[in-house]
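Have a look below at one chain only, the form predicted on its own, in structure tokens format.
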């Protein structure tokens, strides 16, 4: 059953459309990766889902309830059930508050029991009870991110949005935090929307992946299948950039502007006239694998990219 349904979500900043009619679903207890280059709109999409920025259009259904219509106490209840872990734990944690104050605050705000919760929560994320009275600057980057995860879990959410949650960490610490998130997802039946520019990281933790480019969704499907058989030319570019990948893609064209057509057409080696004139709809190629492309990569081309 879907916990989250995003339908034709758009976000604008003045005349600039940062997110343009994005749609996807996320089943309860699953992990969906949202991947794309910097500026693709993935973080803006996440913030719109949590109502940290106001959508310009579309629907965000959380447990069947339209988040965009929520106000006051109803919005507060939703925010208890949907939490975010930000990219930089140092700037997202208050340097003047101890770990105990930081982690317990969401429970206090939401009138949840606090007795005995702190030690269990710290243990759950791999920290010690003795860490409770320390301040953020006394921890390593990986430990600070564990504190941020504990804070997100404190209100007992159904959905956690991890926005580039490991990109500021070195590779060995990244792996530890990714393993922690995977364990939490399994043990707590947690639903995770995991945002990253790194397809290799997405592949490691997510069951499904949604690929964004310039505010639009271009491919959506099972993570392993999208990584092994990318059908959109842009996704093929992302796959070829994974360290150790033996795949190559043709040289992209020079950047040009397109009006009303495919947003990737200026960079696509397969683009033809229709690509410049009309936005391609999402189409299902195989079971649960969708792509927004008039000329998706064939099986033969997938082997060579």
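Numbering follows the first chain given and starts at 1. These figures come from a predicted structure and were not determined experimentally.
Absent from the display: the form predicted in complex with a small molecule. The rest refers to it.
Taking the partner from the other structure, the small molecule in the model of the complex has a heavy atom within 4.5 Å of a heavy atom of residue 18. Although the partner is absent here, residue 41 sits close enough that one of its heavy atoms falls within 4.5 Å of the small molecule in the model of the complex. The chain is drawn here without the small molecule; in the model of the complex, the stretch among 21-29, 293-301, 8-16, 280-288 whose residues come within 4.5 Å of it by any heavy atom is 8-16.
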